[in-house]
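One chain comes next, on its own, written out as structure tokens in the form predicted on its own.
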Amino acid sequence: MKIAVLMRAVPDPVEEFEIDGEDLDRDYLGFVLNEFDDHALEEALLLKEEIGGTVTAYAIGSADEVEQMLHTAIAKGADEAMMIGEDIDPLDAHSQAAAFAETIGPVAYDLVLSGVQASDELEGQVAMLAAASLGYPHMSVVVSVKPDGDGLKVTKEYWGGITADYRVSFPAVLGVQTAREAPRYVAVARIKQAQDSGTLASVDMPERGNEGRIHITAMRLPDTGEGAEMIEGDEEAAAEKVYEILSAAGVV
């Protein structure tokens, strides 16, 4: 079975973000693998271990953002890793999906896995848009993928923690929310070994603008509040104070 994993670098959440017009000031930001894509990669590696096949990781972005995470994918067990484009501006979900589909379409993968969404935009559109371009069926908010005969048993999560099991045939595109197991740790030495092996490939991407209909017009940091109010006293006094505060706010 041939599996492709679509990955994206996102700003490291431990960084201090600064706004630059309609986007973050990315010049001095550190980037990490999107956590949902990490779960998609883990699910791909679990399937490879269970039924065999190959795993190829793809990422769009500048070399500074994506090279290390692609080498990490190799160190974890991916057979190949490929960078799409080089030194490109951030793309919206429509443009990302189009670039992924154009790159992986000719390879005819049996299964394409992607994170359900990216932590910096939360649109959740890349997997389904890529599926539409490829002509593959799609399922999102996936929390488990297991082999099932000549197909897969896929568990999808709905609102309120409700889950449902489906049988999925190949080819298919899945948007993964969580893998069956936590993403595996890989030692820095193995990542360095992957970097030294020269296993990272790249493919040119035609210059493209953002194709979505949603356009950011401005960004700003949230207004700073006045801070928390500490309520002192015994339980009865504290409960009375809480009631007063809620009443004044019109909540009760």
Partner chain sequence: MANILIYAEHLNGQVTDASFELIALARQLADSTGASVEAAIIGTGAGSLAYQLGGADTILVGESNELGEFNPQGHAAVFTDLITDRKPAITLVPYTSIGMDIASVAAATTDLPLVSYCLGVNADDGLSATCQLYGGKVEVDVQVDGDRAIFAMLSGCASADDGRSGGAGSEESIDVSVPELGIEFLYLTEPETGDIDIAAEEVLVAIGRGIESEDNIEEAQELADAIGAPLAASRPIIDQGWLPKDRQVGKSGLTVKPKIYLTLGISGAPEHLEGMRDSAIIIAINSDPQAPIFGVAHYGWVGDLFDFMPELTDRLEG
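Each form is matched to the other, and the largest set of C-alpha atoms that superpose within 1.5 Å is called the rigid core. Bear in mind that the values here come from a model prediction, so they are computed numbers and not experimental data. Positions refer to the first chain, counted from 1.
Only in words, not in the display: the form predicted in complex with the partner chain, which the text now covers.
Contact annotation: the partner chain lies within 4.5 Å of heavy atoms from the stretch 216-224 in the model of the complex, the single such stretch among 52-60, 66-74, 190-198, 216-224. Checking M139, I84, A101, L111 for any heavy atom within 4.5 Å of the partner chain in the model of the complex turns up a single hit: M139.
Using a 4.5 Å cutoff between non-hydrogen atoms, D150 does not count as a contact of the partner chain in the model of the complex. Though the partner is left out of this view, D20 does not reach within 4.5 Å of the partner chain in the model of the complex, counting heavy atoms only.
In the model of the complex, G161 approaches the partner chain with a heavy atom inside 4.5 Å.
In the model of the complex, the partner chain lies within 4.5 Å of some heavy atom of E121. Along 166-191, residues Y166, R167, V168, S169, Q177, T178, A182 each place a heavy atom within 4.5 Å of the partner chain in the model of the complex. Core-aligned CA deviation for I19 between this form and the one not shown: less than 2 Å.
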